[in-house]
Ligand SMILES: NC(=O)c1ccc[n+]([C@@H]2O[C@H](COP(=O)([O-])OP(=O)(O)OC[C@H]3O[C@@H](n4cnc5c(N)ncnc54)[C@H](OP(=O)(O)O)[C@@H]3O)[C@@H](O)[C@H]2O)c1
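Next up is one chain by itself, shown in structure tokens, the form predicted alone.
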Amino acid sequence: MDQLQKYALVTGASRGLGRYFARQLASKRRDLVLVARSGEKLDAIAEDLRSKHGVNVEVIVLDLGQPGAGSVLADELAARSLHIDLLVNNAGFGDQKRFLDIPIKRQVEMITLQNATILEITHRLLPAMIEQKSGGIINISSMAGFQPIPYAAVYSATKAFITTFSLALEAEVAAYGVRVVTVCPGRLAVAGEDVDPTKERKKVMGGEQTHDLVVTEALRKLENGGGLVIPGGINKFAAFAERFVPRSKIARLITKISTPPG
């Protein structure tokens, strides 16, 4: 098995952090499996990475927000004999509205994508990493996972799940040589190719992190054995300070200083 060609799998690879993970990994000469719903975007990214870096890039078009999608993805990897030694669980989304204003189908899809699918694909791919006594998993959580956030109630809950699960898994598998990185960025700056000059962005406490910075810190942490990544000094301080404030008070405070989304 040591002679098998190994791939890094990136979910949500057609945009945002997923796209930047794909670019940085390709620049490190990593062969890739890219997964997202948009086949056209994935094909364009894959062709660009092949031509620039000479790496192998496989594309899997799949909606990971559907029930059982993690198992479907694992089956497809097996059918193509694609062996994964780095899993980047990045796919996700969030809606900022009152809980009752978001259709329940949309909220269940969020839970499926950001929790159930991550569990399924990790459960399927982890045994081979343990057998090889090597491999890595990068789980993209959020600063939102450290506190209950009104008007993003389900999103912050899904991110809390990712953070807790990921940190616990890191401790479980460290003895087998498998590294787990938990990434908790604050708000990300809009990538250059995604800038919309007609939209004004409100400033947020902690500022914004660039996609490249977050990906660079995540990959550095992976190389150093895994662990928790909180990009930005203000975010690190906020994550530390919130431990001393009751969660119920945090939620009420956020409610008082927030404007309910229209």
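On a predicted model such as this, the values are computed, not experimentally measured, just so you know. Start at 1 with the first residue shown and count on from there.
FYI, the form predicted in complex with the named molecule isn't displayed, but the following is about it.
Under a 4.5 angstroms non-hydrogen atom cutoff, the named molecule in the predicted bound form has residue 62 among its neighbouring residues.
The named molecule in the predicted bound form is approached by residue 159, whose closest heavy atom lies within 4.5 angstroms of it.
In the predicted bound form, none of the heavy atoms of residue 182 sits within 4.5 Å of a heavy atom of the named molecule.
Heavy atoms of residue 124 never reach within 4.5 Å of the named molecule in the predicted bound form, leaving it off the interface.
Candidate site formed by 147, 163 and 238: none of these residues places a non-hydrogen atom within 4.5 angstroms of the named molecule in the predicted bound form.
Among the residues 218, 55, 36, 230, the one placing a heavy atom within 4.5 Å of the named molecule in the predicted bound form is 36. Scanning 77, 113, 86, 152 against the named molecule in the predicted bound form with a 4.5 Å heavy atom cut-off leaves one residue, 113. Stretch-level contact analysis of 136-144, 77-85, 96-104, 173-181 against the named molecule in the predicted bound form, using heavy atoms and a 4.5 Å limit, identifies 136-144.
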